[in-house]
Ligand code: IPD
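Here's a solo chain for you in structure tokens, the form predicted on its own.
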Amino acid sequence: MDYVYLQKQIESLALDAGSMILAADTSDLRDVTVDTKSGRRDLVTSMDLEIQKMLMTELQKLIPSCRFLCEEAVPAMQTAMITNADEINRGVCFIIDPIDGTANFVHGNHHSCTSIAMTVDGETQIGVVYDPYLDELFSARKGCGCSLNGRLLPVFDTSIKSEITVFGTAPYDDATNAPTFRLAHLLYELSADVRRTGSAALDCCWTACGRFGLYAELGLSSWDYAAGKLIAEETGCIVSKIDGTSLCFEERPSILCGRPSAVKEFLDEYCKNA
């Protein structure tokens, strides 16, 4: 497969998705319907579904034999979708989050993105994340580095002490509430300051480009981190589970993403209290 060509096509589709997000936002979301899925914090909008259908349709034209692992259910494309992360290990799979940060989108907080990863036999080869509000396109190809709007991002290291850290709240699983805020407290004590943004994909990307020194969350789905993981790794970040063990596609793992020194400093303290 021509990964260079496919990367450019995926980038173009991410930009198209961003245009759809901005068009909906400009209309004050008048034509966007909002529903809940597993609970009151688990939102889906008609724009999520519209973007996902567009992406699936166009990506299937690029690779007709591909399959999809996506956040939303699109009945017209159901035969091409997989439900078990183990199936990612066979052939080409696109892992899509049409709007990562749906709650932000619904409430007019301009911090959301479209995330697209392409895996081949279980290995992520391409990761693209587009933030339409800042017009920032993060794009990585395995072994070839990561770019932000066409500019190659540097590989570097840093201590957690001088960095802003970020955490996610795994909002669809109330069992993580107490440990999540213990995690936030630890991050605050170790670092210069702490944030919570509402978009896992952008948390990985902002760590990749140096705005955050480390990102941690106790429960994610594959579409939340698939593209962001490759983007961060291609800038020298370590991406693992929260305890430092290997992160692979599975049911709602934790995530730790950061510069090598920051990750080591975090794990030294986290493992003492685990």
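None of these values were measured; they are calculated from a predicted model. Quick note: we count residues from 1 along the sequence shown, nothing fancier.
Just so it is clear, the following notes concern the form predicted in complex with D-MYO-inositol-1-phosphate (IPD), a form of the same protein that is not shown.
The candidate spot formed by Leu214, Lys241 and Glu265 is out of contact with D-MYO-inositol-1-phosphate (IPD) in the predicted bound form: none of the three has a heavy atom within 4.5 Å. Contact with D-MYO-inositol-1-phosphate (IPD) in the predicted bound form, judged as any non-hydrogen atom within 4.5 angstroms, is confined among 181 to 189, 97 to 105, 139 to 147, 156 to 164 to 97 to 105. In summary, among the residues Leu220, Val32, Cys66, Leu49, the only one with a non-hydrogen atom within 4.5 Å of D-MYO-inositol-1-phosphate (IPD) in the predicted bound form is Leu220. Taking non-hydrogen atoms only, Thr169 approaches D-MYO-inositol-1-phosphate (IPD) to within 4.5 angstroms in the predicted bound form. For the chain shown alone, Glu234 is not a contact residue for D-MYO-inositol-1-phosphate (IPD) in the predicted bound form, no non-hydrogen atom being within 4.5 angstroms. Residue contact check for His110: none of its heavy atoms lie within 4.5 Å of D-MYO-inositol-1-phosphate (IPD) in the predicted bound form. Using a 4.5 angstroms threshold between heavy atoms, Ser199 counts as touching D-MYO-inositol-1-phosphate (IPD) in the predicted bound form.
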